[in-house]
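Below sits a lone chain in structure tokens, taken as the form predicted on its own.
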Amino acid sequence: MRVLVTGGAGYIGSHTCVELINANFEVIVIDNLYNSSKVALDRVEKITGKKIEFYQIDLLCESDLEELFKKRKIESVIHFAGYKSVSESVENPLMYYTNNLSGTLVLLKVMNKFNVKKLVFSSSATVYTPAMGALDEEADLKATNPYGQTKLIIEQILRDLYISDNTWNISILRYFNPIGAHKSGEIGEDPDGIPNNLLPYITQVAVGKLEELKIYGNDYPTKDGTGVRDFIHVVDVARGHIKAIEYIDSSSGVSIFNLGTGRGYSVMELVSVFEEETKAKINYRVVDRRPGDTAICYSNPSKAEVELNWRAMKSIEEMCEDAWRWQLKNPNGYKVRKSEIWES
């Protein structure tokens, strides 16, 4: 099957490309490289030994996307492309609504025009109403920030699309907090500037790139006062997309699945596990809470276990070990190796 991966040069996209190729899918990647690097795809090719067909296309450019669909017979799409920072979305909501919603609408319009109606959408646990227990797919929905709102709106667009035309097969994956890196250390999370996500922040402090970790609030109603999240290895998330592609190939309708471990770890617990596994010392300082953050968010992933035959396999220790290996091998991310061409 030929799969188009939008945003395939990004963190989760690149890891998913590895798993797709290993599962014998033919992969085409489009990415505008706004917050990603072509080097990631070069590394995917190194890991898999297979070439990737890549086009530098922005989803907002409908004519470029149409040309690709005319040129290549695409059978299904995994849609990652979009801005993804909670704090940035609070600061600049119009940028997020414009890019994430308009880009998705253009993609769906072109897919519909070329009768490509199999889609896996990368959603997020940010669509859920904050709760003190495990969240299943039927939990109340209420995004607390513009990034989450874009995911929630797109989910509704996809439901409405299916109601209007039930030949669409759509799988929505709500994953929680992907961390870690490929075990090779060749690909991983490469944030631009100060990381918005916790583990790359920790690894950059450990490697000496940043002076200290800022912990955003220690007065939440949790056992140590810091926020609790369901951290899941990025490779497990990537594997979930393979299962979802296979699922929509034989099932119709709109399906929704949580991708998580079903267990929450606090910020301080993750710091402690990282220090124990890597023997690195993390300097940290508690600061004010970030707008849009919630106290506790973890999953009930049982639906994915039953219907997708998927479950998270990797431990929190592996997540820390693999993230640290990536950071040590690439202290400046994809810009580190002079033998490779950096594209910003």
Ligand code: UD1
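Heads up: residue numbers just count along the shown sequence, starting at 1. Think of the rigid core as the biggest set of C-alphas that the two forms share within 1.5 Å after superposition. What you see is a predicted model; the values in this text were computed from it and never measured.
Keep in mind that the form predicted in complex with this ligand is missing from the display, and what follows is about it.
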- Where this ligand sits in the predicted complex, superposed onto the shown form by the site's C-alphas, are 3 or more of its atoms within 2.4 Å of backbone or C-beta (blocked), or none (open)? blocked
- Query: Asp293 near this ligand in the predicted complex, any heavy atom under 4.5 Å?
  - Reply: yes
- Item | Partner contact for Tyr147 in the predicted complex: this ligand, 4.5 angstroms, heavy atom | yes
- Message: Taking this ligand as it sits in the predicted complex, is Gly227 near enough to touch it, meaning that at least one heavy atom pair lies within 4.5 angstroms?
- Response: yes
- Check whether Asn92 has any heavy atom within 4.5 Å of a heavy atom of this ligand in the predicted complex, and answer yes or no. no
- Which of 70 to 78, 245 to 253, 212 to 220, 134 to 142 lies within 4.5 Å of this ligand in the predicted complex, heavy atoms considered? The stretch 212 to 220
- Report whether all of Val86, Ser124 and Asn197 sit within 4.5 Å of this ligand in the predicted complex, measuring from non-hydrogen atoms. yes
- this ligand isn't shown here, but in the predicted complex which of Thr261, Asn258, Asn177, Ser171 has a heavy atom within 4.5 Å of it? Asn177
- Which of Leu107, Val120, Val267, Val235 has a heavy atom within 4.5 Å of this ligand in the predicted complex? Val267
- Message: Aligning on the core only, does the CA of Val286 end up 2 angstroms or more away between this form and the one not shown?
- Response: yes
